[in-house]
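Form predicted on its own, single chain, as structure tokens, below.
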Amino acid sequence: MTYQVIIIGGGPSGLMAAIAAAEQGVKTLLIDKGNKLGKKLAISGGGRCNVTNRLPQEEVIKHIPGNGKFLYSAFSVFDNYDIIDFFEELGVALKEEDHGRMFPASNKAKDVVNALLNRLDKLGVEIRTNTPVKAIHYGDNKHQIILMDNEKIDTGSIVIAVGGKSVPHTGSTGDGYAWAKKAGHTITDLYPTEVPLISKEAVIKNKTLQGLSLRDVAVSVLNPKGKAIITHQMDMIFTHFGVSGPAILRCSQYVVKEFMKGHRPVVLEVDNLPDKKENELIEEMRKEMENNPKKSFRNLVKGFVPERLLDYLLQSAGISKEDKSANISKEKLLTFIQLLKHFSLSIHDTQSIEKAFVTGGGVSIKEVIPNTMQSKFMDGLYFCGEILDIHGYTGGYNITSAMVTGRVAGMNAAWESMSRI
């Protein structure tokens, strides 16, 4: 059996690549080892599917700290606004939420997946699920895919869209790295990004703050000299093993990179009141204490942070719940404010790459042509999505990267296959 383009992997990038290839009028086959296509799309955005982000291109690329600049060429062909138009043309109405995140108006990820599957169907793309690939044999004019049942399929172009190593139950188990290596590609170090962090500190082990969410706090990752490497102001949550939530996920790759340099543990610092300067707070508190000397200090600062955290900070500052404002020394006040603005937590590890939302590392982008996604080493070989060494923050950025690279890879694989087979 011969096809002009074969796409391996039915995630966001593979689905987009198959549609783009078939739209060029070539005979296209989409293979996936799982029983369903679009599994990762179906669970993304908490089952609502954050299809892309409406922020300007510059901002989107800034939110893809792992080699986002590589995407400039691909974005000139197909970008986040084109993704919005693409889905709306397929009949999926989208709505915008905070930070430019775009969701289906129905709040159902399956509407996005079904629209893609219907488009594949209309274009006559052949789909094979439950079809694991055993090996790829690269040739001069065509390539051969060998399936687990030893069936051999020839093709002019191959698009490898099998994802990274994160969220393995969706089928991303790192299969594609060996196929890329066989074609001469370098796989950069793989590591978890957008991953919850583990702490062995007493406050975590004792479950003092477990389940507590902090809203709109500024979380910083400190280097060994105590300087902030990165700061993200978003929500976070204390868990039974450490910390998670949007601010933590965004900071996690910087923690991992410190670990990779041999720095462990890494200190996270939380500013609970990022919109207030320390000296302003001190002045405000002094006035309040002077005006309310008989009021307990705890009642005076109630509302600054959730009560469980407040009690923990007061205890850490040596202030009891009953202490009156008039009896709080200047030192204790300064200690309390210091803890509010610089609550620190040592991070000893991350959850595994399998539990991460996104894989860092992958096929080196130096070996891929940026405006076509073609291998620099092998004719008729293309990469897209998370197998590439590109990773973004959560918020629609990784799906944007996957869909853009998928679209570009599929189109170019189709054009090249016409001349190859």
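Numbers for residues come from their place in the sequence shown, where the first is 1. Please read these numbers as outputs of a predicted model, since none were measured by experiment.
Heads up, the form predicted in complex with a small molecule isn't pictured, but that's what we're talking about next.
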- Item | the small molecule in the predicted bound form: contacting segment from 155-163, 182-190, 68-76, 293-301, heavy atom within 4.5 Å | 155-163
- Examine Gly171 and determine whether its closest non-hydrogen atom to the small molecule in the predicted bound form is within 4.5 angstroms. yes
- Message: At 4.5 Å between heavy atoms, is Ile8 in contact with the small molecule in the predicted bound form?
- Response: yes
- Query: Using heavy atoms and a 4.5 Å limit, would one call His63 a contact residue for the small molecule in the predicted bound form?
  - Reply: no
- Query: Would Pro132 count as touching the small molecule in the predicted bound form under a 4.5 Å heavy atom rule?
  - Reply: yes
- Query: Quick check: do Asp32, Gly45 and Phe357 each get a heavy atom within 4.5 Å of the small molecule in the predicted bound form?
  - Reply: yes
- Query: Tell me, which of Glu258, Asp111, Asp175, Asp349 has a heavy atom within 4.5 angstroms of the small molecule in the predicted bound form?
  - Reply: Asp175
